[in-house]
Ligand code: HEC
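This document opens with one chain alone, in C-alpha cells, the form predicted on its own.
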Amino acid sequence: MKASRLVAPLVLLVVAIYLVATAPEALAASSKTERSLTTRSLFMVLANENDIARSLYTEEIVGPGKKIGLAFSEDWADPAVLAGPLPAVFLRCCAEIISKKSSIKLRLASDYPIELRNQLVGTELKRFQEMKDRGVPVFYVNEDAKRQVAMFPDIAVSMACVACHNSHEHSAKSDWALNDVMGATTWSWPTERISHKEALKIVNDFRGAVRTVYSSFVDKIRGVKGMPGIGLGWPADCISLPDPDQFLAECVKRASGKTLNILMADESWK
C-alpha cells in the first residue's frame, strides 16, 4: 500500500483539529511555528489504534479462522509452519517494526506471562497494580530512562484469548475469564510534547506495521491447496480472508472516530 493511502485519513484529522483549535487571527502568528500536542494524547491515539487492530484480528480472523481450518502459532514466522501469529505475537511483531522507524516503544507484559521476558517487575508492576485498582490507564515518567510512559490494560476480549492462555503449557495462570485484565500494553516516548508531523508519522507507521504483519500471514497461505481464499470476504462469512488492504481499511474505519475525538479533546495544541 502506498504511504499516501495510510496518511490521508490522518491528515483529515489534523486539519479538523487545526480548524477547531485555531482562531483566524492566530493564523499569521503561527504560520512559522510548528504546532504540537501532548504525548499523552498520542499515547491514547495509539492505544485506540492498537485495541481496534488486535480486537479485529482476534475476533474476526483468529476465532472464525480456526473454524475454517486456519492455525495460529507462536512459531508462525518459521517457513515450515503454515500458521498465522497469535494476537499477542501479532502485537509484538508490530512493536518491532515501529521501533525501527522512530523512538516510540511498545511493550506487552503481564504479571502472569507465558514468556518470562514479558514479566512485569519493579516500577512497571507497581504501576500495573495501580492501573488495575483504579480501572484506568496510568501515565508517568520513567526517571531512569528519561521517557514518558503510558500503560493501558490488556483485556481478554474473546474466548479465543482465554482458551489459549488457559491451555498453554507455559502459562503461569490457567483460570483466566472473559474481560480479565491479562496484562498491559505500555507505550513510551522521550518528550512531553510531539509535533503534529511526527505524531502523524508514528500513527501512520503503526497502521503500516499492522498491514505488514497481516500481509505476511496472508502471503504464507495464499494459493496453498486447502487454505482459504484471499479477498473474497471474512472467515465468519465464507471460506476466505480479507486481503491486507481490506483488513487495514476496516481497522481505520473502526478507529478513526475515537482517534478524532481524542485529538479534539487535547486543549493544549499550540
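Note that the coordinates shown come from a computational prediction; the quantities given were computed from them, not determined experimentally. So that there is no doubt, residue numbering starts at 1 and follows the sequence shown.
If you look for the form predicted in complex with heme C (HEC), you will not find it shown, but the lines that follow are about it.
Asker: Pick from I104, I194, A160, A150: which has a non-hydrogen atom within 4.5 Å of heme C (HEC) in the predicted complex?
Answerer: Only one listed residue qualifies here, and that residue is A160.
Asker: Which pick from R222, R35, K66, R40 sits with a heavy atom within 4.5 Å of heme C (HEC) in the predicted complex?
Answerer: By the 4.5 Å heavy-atom cutoff, the listed residue in contact is K66.
Asker: If you check in the predicted complex, is K100 within 4.5 Å of heme C (HEC), heavy atoms only?
Answerer: So K100 does not count as contacting heme C (HEC).
Asker: Evaluate I114 for contact with heme C (HEC) in the predicted complex, applying a 4.5 angstroms cut-off between non-hydrogen atoms, and reply yes or no.
Answerer: Contact with heme C (HEC), yes.
Asker: Looking at the partner-bound form in the predicted complex, is G183 within 4.5 Å of heme C (HEC) by any heavy atom?
Answerer: Yes, G183 lies within 4.5 Å of heme C (HEC) in the predicted complex.
Asker: Can you work out whether S110 and heme C (HEC) are in contact in the predicted complex, taking contact to mean some heavy atom pair no more than 4.5 Å apart?
Answerer: Flag for S110 set to yes.
Asker: Only one of these stretches, 129-137, 163-171, 194-202, 76-84, has heavy atoms within 4.5 Å of heme C (HEC) in the predicted complex; which one is it?
Answerer: Of the options, only 163-171 has residues within 4.5 Å of the partner.
Asker: In sequence order, which positions of 35-70 have a non-hydrogen atom within 4.5 Å of heme C (HEC) in the predicted complex?
Answerer: Result: R54, T58, K66.
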